[in-house]
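Before any questions on how it binds or moves, here is one chain, the form predicted on its own, in structure tokens.
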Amino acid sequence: MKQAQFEAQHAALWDEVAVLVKGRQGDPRRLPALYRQLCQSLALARQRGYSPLLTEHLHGLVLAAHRRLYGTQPERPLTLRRWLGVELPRRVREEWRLLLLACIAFWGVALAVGFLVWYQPHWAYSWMDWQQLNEYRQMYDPGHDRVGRSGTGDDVKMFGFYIWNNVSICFRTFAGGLFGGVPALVSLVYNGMHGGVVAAWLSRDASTATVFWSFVVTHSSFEITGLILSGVAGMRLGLSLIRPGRFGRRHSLEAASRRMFPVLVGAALLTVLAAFFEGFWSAAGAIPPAAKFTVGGLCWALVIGFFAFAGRRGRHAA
């Protein structure tokens, strides 16, 4: 039997179970019998090799019905820990193609533009006017009493500003991915280009190079990773609408949303963590640059190591 016929034959059952597990309407006394039929649907879908989106959707319905019947509530602290320690790195590795594309869009453009501005400084004016470049130079001048800041707020106010700023950038990148992924890529390219111009421009001046790199080296490990993960999650949801496969677009989007939820949570936490370090560590003038470079290197190693190796143990048991 083709998948389309299978879906048409059992759609009423799945919809009824979905309504009952939400507990809003319907006769809950029918749930045990429907649960057995649902389990049979899941077994048939797996046996016949139907699309992963369909089997994942049915698996989610079976779990929800089981919890509804037997009252087993998820252990939320352990669930959150599993999301962050296991599901997040696994989902990111599973999306390695989109991750590679997002990294090229950000890092590839940043390095290309950075090298161009480094060897041909006049190209910087193609992306920024002289007032913006001069403002960045003043922000990272060793004599500036508030390194990396142009405002007058204290650390707490700047912490709030950084959260708002980082979250808004990540949200725009994620939301843009819903439109086929292209706006998310454009956002990554733009941020990579902006960072490449500023980094190369300030690195050419010996008086601002050390101040700039010691300021950004720590919080950038979390901020850029959060931005790239937001782009990956957005692109995956956008692709689920463009290429739903053998699944309807609504179900495809629901399945992709469940898969990307740990990634989006991880991106949000990384963004808040980046704002904390930017507000209370990166701008601290009492901390020597050597200490910031050391901590920044450790943070980058931890982030890369986490997404490369975390969650591999017990993969087949999960």
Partner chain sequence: MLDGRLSLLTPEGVSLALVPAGPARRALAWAIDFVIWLIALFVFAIALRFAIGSGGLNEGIFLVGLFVSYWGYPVLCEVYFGGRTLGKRWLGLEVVRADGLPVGWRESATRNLLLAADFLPLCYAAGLVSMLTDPQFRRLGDLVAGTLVVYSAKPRPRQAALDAAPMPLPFPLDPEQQRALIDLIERAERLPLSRRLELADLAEPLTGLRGEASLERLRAYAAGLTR
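Positions refer to the first chain, counted from 1. Superpose the two forms; the largest set of C-alphas matching within 1.5 Å is the rigid core. Note that the structure is a prediction, hence the values are computed from the model and not measured.
As for the form predicted together with the partner chain, it is not shown, yet the points below apply to it.
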Using heavy atoms and a 4.5 Å cut-off, decide whether 124, 193 and 202 all contact the partner chain in the predicted bound form. no
Even though the partner isn't displayed, in the predicted bound form is residue 42 close enough to the partner chain, meaning a heavy atom within 4.5 Å? yes
Residue-level contact is defined here as any heavy atom of the residue lying within 4.5 Å of the partner chain in the predicted bound form; does residue 172 satisfy this criterion? yes
Is residue 52 part of the interface with the partner chain in the predicted bound form - any heavy atom within 4.5 Å? yes
Touches the partner chain in the predicted bound form: residue 207 (any heavy atom, 4.5 Å): no
One residue of 103, 128, 167, 217 in contact with the partner chain, assessed in the predicted bound form (non-hydrogen atom, 4.5 angstroms): 167
Which one, 172-180, 224-232, 106-114, 129-137, holds residues whose non-hydrogen atoms are within 4.5 Å of the partner chain in the predicted bound form? 172-180
Determine whether the C-alpha of residue 260 shifts by 2 Å or more between the shown form and the other one once the rigid core is superposed. no
Core-aligned, does residue 301 move its Cα 2 Å or more between the shown form and the other one? no
